[in-house]
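Next up: just one chain, as structure tokens, the form predicted on its own.
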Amino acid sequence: MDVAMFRDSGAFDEQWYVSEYPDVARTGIDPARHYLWVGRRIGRRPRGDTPAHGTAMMVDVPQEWPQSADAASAEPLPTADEGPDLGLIDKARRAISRSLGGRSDPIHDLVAQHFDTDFYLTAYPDVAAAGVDPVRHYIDNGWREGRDPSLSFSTRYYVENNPDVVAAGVNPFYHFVAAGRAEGRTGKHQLGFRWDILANLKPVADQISELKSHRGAVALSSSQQLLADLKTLASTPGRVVLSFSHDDFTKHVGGVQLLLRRELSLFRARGDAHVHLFPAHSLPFLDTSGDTIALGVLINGKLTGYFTSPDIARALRQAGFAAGQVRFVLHSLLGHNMDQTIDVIAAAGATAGCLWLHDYSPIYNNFKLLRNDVQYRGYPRPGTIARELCAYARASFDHAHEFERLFSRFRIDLVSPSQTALDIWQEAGLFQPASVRVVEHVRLEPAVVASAAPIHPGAPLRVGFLGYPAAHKGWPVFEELVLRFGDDPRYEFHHLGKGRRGGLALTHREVAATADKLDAMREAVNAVSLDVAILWSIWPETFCLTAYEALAGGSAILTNPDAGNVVAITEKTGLGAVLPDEAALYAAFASGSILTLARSARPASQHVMRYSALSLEVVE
């Protein structure tokens, strides 16, 4: 019915409606529109003399809509093994009660019935840390910030596709559950996660500007203390390794950070001193702004402080290192400035070192070598349409040109963790290192232990995701599997790693390997008797430690053709399968053919992970 006609029909008393239902005024919606959209669907009366039930304007609330606000509080609490944020979730639920203060708020009540608190608090940890009612946060602010109330509803999608809701100023999720769904509106597109990535992709300059806008001030330390520490190293016998990476490996968790911890121990055991430099502020690109970079300095694994690149160069120059005493190791230069990096290396008197191919930042602005963050189709050569269409190629800088200056200044040995990554480097054919070498981080050897636990024919297939839930690692594909088959008795889903995501029917186990516990992930895989790991990376992995950890723990692997070294190790061992695309993966789960495929590929026994000597194999 037309709103104006309804208002003038005499069937609606606006003054009475607003007085009877004061929450309407808070929504900012025209009262007559509110009644047609929402009120009649939740049993409200259009005027005071209308019977509470049985009006011609009334419609029954669909059965799938919960009738009581108690539905949200009646949900079972997460179990203790789901992650460390359960206290925050309980705290948030108490905040819900406090925010209502014993009063009924129809908007809050209806949204709460469909709101996924667990999802919201893990997706937006700032809300969890604030200890506020997450439902109220979403109603008041979250939807305007583009946050989602659950995995099944996209605020941005609903706002962009329902301009009448935006014009009315109504909360989109409230409108959807109260009226939109019954009107045939959809809460989320079905175009896949790559569409989301493309929809949110920003020009490189905007990405950098946004990242830098959140930076805080860095407290710089006295360069005199740095000079004193470096003079001590220069006066002692033994080599000094000048190492570079993108962050503080002693505080952050990840494959490269774990390798750096091991490498530090190996160098120290050999008697070498270790000086490590990392940018105070992370950046997924080289910093070509020309600004002076602040770097953190770790000496033998302990933080000395933060200093500007010129101050570090000056201290290295004055320390008095002997010719050939310093050798550099470049693990990553993301966040570094190339001119300042060259100055620092030269100031130390180093003339030779090695560059690790942990990612593809030396040859392309996107370190994952993905076009617009969604697709890998080989190295995009200059002048091709594929390169011209990529936002990363349109940046004002070119990583390859920056690294070319580094290679022209020093003797650099390229170290690749896999033949796969080296093949991609050589295909690009940009510049020639002094030497190339493949040094795998880990090698698998059959274990002299009991074989993997036998699988009961009637037991559900244990399917897992290993590591942090990042898009380029394939988390959205695993998430879709859980959403589609989470209640299927044939399957049991697990997430082993950090960064628990709520709203999914799976078991989460916090896993983080350390220098003292290198095999934490392998042990976790074995502990849950994982049958198959979904390692669906959409970028060409240069190594992928989790693939080796999965196989060592007794799990098979499912991957796709674009996953780089994951494909190589899967095909080499035969302990898994490479499926052509996501459609084939979902179809295999739907038909159940994955049960036979995964279990037949599962290792018959565990493996031992033999770690390499990393940079020590080339820094001689």
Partner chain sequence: MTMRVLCFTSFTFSYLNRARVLFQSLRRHHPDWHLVALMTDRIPAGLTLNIADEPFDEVVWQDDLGIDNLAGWLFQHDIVEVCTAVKGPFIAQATRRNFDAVIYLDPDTCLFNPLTPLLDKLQTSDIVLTPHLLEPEEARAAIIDNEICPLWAGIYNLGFVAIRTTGEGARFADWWARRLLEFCHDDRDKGLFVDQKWCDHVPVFFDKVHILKDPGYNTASWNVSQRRIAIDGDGNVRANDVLLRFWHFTKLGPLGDTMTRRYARDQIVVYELWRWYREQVAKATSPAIPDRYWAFANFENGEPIKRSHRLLYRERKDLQAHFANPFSPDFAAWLKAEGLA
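Numbering follows the first chain given and starts at 1. The shown structure was predicted, so the numbers you read here are calculated from the model rather than taken from an experiment.
One more form of this protein exists, namely the form predicted in complex with its partner chain; it is left out here, but the text below deals with it.
Enquirer: At 4.5 angstroms, heavy atoms only, are P489, A590 and T596 all close to its partner chain in the predicted bound form?
Expert: No.
Enquirer: Taking heavy atoms only, is A323 within 4.5 angstroms of its partner chain in the predicted bound form?
Expert: Flag for A323 set to no.
Enquirer: I'd like to check something about L389: if you look in the predicted bound form, is any of its heavy atoms closer than or equal to 4.5 Å to a heavy atom of its partner chain?
Expert: Contact check for L389: yes, within 4.5 Å of its partner chain in the predicted bound form.
Enquirer: In the predicted bound form, is there a heavy atom of its partner chain that lies within 4.5 Å of any heavy atom of G383, even though the partner is absent here?
Expert: Result yes; G383 sits at the interface with its partner chain in the predicted bound form.
Enquirer: Taking the shortest heavy atom distance, is Q190 within 4.5 Å of its partner chain in the predicted bound form?
Expert: So Q190 counts as contacting its partner chain.
Enquirer: Ok, S529, T250, N161, S221: which has a heavy atom sitting within 4.5 Å of its partner chain in the predicted bound form?
Expert: Of the candidates S529, T250, N161, S221, N161 is the one lying within 4.5 Å of its partner chain in the predicted bound form.
Enquirer: Looking at R147, K498, K231, R194, which is the one with a non-hydrogen atom within 4.5 Å of its partner chain in the predicted bound form?
Expert: Selected option: R194.
Enquirer: Tell me which stretch of 520-528, 169-177, 358-366, 194-202 has a heavy atom within 4.5 angstroms of its partner chain in the predicted bound form.
Expert: Contact-bearing stretch, as computed: 194-202.
Enquirer: Just give me the residues of 371-385, first to last, that have a heavy atom within 4.5 Å of its partner chain in the predicted bound form.
Expert: R371, N372, V374, Q375, R377, G383, T384, I385, in sequence order.
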